[in-house]
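Before any questions on binding or motion, here is one chain by itself as structure tokens, the form predicted on its own.
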Amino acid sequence: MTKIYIAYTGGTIGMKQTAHGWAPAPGYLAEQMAAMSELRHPSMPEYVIDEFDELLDSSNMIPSDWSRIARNIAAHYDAYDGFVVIHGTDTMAYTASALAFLLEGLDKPVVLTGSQIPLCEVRNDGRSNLVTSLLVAATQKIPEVTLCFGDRLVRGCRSVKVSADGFDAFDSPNFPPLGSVGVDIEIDWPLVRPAPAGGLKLDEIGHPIVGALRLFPGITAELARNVLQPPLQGLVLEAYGVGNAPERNAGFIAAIREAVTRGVVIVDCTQCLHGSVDLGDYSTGSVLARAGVISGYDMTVEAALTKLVYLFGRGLSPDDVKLQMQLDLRGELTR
């Protein structure tokens, strides 16, 4: 029988109501799942659920937690056929992106899921998300980190949370879903990346200092300099349209140029949900390119930020990080 390992990190799906709102409760999710007759059906795989010592609302996730999840999967990698990571929705797209980079050489399915309504509620989305994710991990040999939610299965490093309260909470705006969930689970196999040779290699990420800055009309040079000051190593600049910025704001452009000269890697991603950065389209984009900013192409902000963490965390130089940021490592970008 196929064996699936469930890493339970926390999130809405296993929460209980408290005096201060919904909060993770140790042991509660396993209790709820044990009562689900669907999970005992002959078509379902055997599973083991490993509840993390500290269950987190995903708003509390930090990069060291991404490493902790990756290490947990690596430690159980040889003993199981697939993996499901149960996670809160708020930062699930960041974790899905980070795991895609950290789990180099992955040749087994790793599926992230969760819910918008706790499993203990009569009406919830957790049941179907759990069942579907377990079936995907057990029957669809996708050698990638994916995110399964609602009626979509998307590549982890292409995922974005697009709804705070809808059941179709995640999308893949710049790349088609890898699969759709309806009467059948249908995988678009030509879109799935081939299994790499060489086996799993776990990359640790250390504690690099990276950040993100969203442009807005009237942004000041002082604000930019405050964000860009040492010890910052990398920045995702969320720019307008195809990567444009206020070229009339000479102080802002100077702050960008000064940071790049110090070795800060600044990656230009669009604020738009769909589309790609092209720093040569407008003078307001080319001014950033001349200042040393590099294009993030069609990467999500989540993918760009976690990729910076991953690359700097491996000890790469700024020049090497710039080079790798513009290469497609895990299916995260299209050039």
Ligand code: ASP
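Since this is a predicted model, take the numbers as computed values, not measurements. Residue indices: 1-based, along the sequence shown.
Not on display, but discussed next: the form predicted in complex with the ligand.
**Student:** Only one of these stretches, 252-260, 234-242, 83-91, 70-78, has heavy atoms within 4.5 Å of the ligand in the predicted complex; which one is it?
**Tutor:** Going through the listed ranges, the match is 83-91.
**Student:** Does the 4.5 Å heavy atom contact test between residue 58 and the ligand in the predicted complex come out positive?
**Tutor:** Flag for residue 58 set to yes.
**Student:** Can any non-hydrogen atom of residue 128 be found within 4.5 angstroms of the ligand in the predicted complex?
**Tutor:** Residue 128: no contact with the ligand in the predicted complex.
**Student:** Whether residue 15 contacts the ligand in the predicted complex should be assessed with a 4.5 Å heavy atom distance threshold; does it?
**Tutor:** Answer yes; at least one heavy atom of residue 15 falls within 4.5 Å of the ligand in the predicted complex.
**Student:** With the cut-off set at 4.5 Å between non-hydrogen atoms, does residue 116 touch the ligand in the predicted complex?
**Tutor:** Answer yes; at least one heavy atom of residue 116 falls within 4.5 Å of the ligand in the predicted complex.
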